[in-house]
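Shown here is one chain on its own, the form predicted on its own, set out as structure tokens.
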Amino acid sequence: MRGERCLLRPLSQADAQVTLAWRNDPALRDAVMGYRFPVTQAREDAWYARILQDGGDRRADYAIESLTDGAMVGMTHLAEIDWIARHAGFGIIIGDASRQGRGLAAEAMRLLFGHAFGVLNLRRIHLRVAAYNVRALALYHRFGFREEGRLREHVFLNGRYHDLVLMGLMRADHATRVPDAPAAEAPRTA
């Protein structure tokens, strides 16, 4: 899937070399509520092997590549796909800090959601986000996500508990709210 700034391509095992540093970056880890212990190359390779084995039955994982130089700058996914109820979970990260804030996350979301609703015929996409990740919350609201619930004091970070926000986007809401994303408003991590 190709946009103006980025393209989405299937993840491959070789991408583990790039993403290992992202998983071990405390700022990125905290933004996406990642694994709290150091991640080794062997663990990252095992994670890739597990998700790639799925073959599209329950998940679809994509690398986000910059069209300016072909570098992998992030990744996104649909997970826990329920083909009967027609919904999936969503996640995204722009792991290359020098590429954050340039609208790449918003463009990747437009591409992925167009595919999810238009090709895969999903009805609903849902996500979880920590309440302290205000940039991601703003981006999700711009896309039409609505808060559907809140797990109070569910996330522990830096000696404090934070709420976990549950959000959902219906296909009909997406069709009426696909935003233009000025680079200045794009999140650093989502």
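Because the structure is a prediction, the values reported are computed rather than measured. Residue indices: 1-based, along the sequence shown.
This next part talks about the form predicted in complex with a small molecule, which is not shown.
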property: Leu28 within 4.5 Å of the small molecule in the predicted bound form, heavy atoms; result: yes
property: The small molecule contact in the predicted bound form: Val32, any heavy atom under 4.5 Å; result: yes
property: Exercise: Gly89 in contact with the small molecule in the predicted bound form, heavy atom 4.5 Å; result: no
property: 4.5 Å heavy atom contact, Leu122 to the small molecule in the predicted bound form; result: no
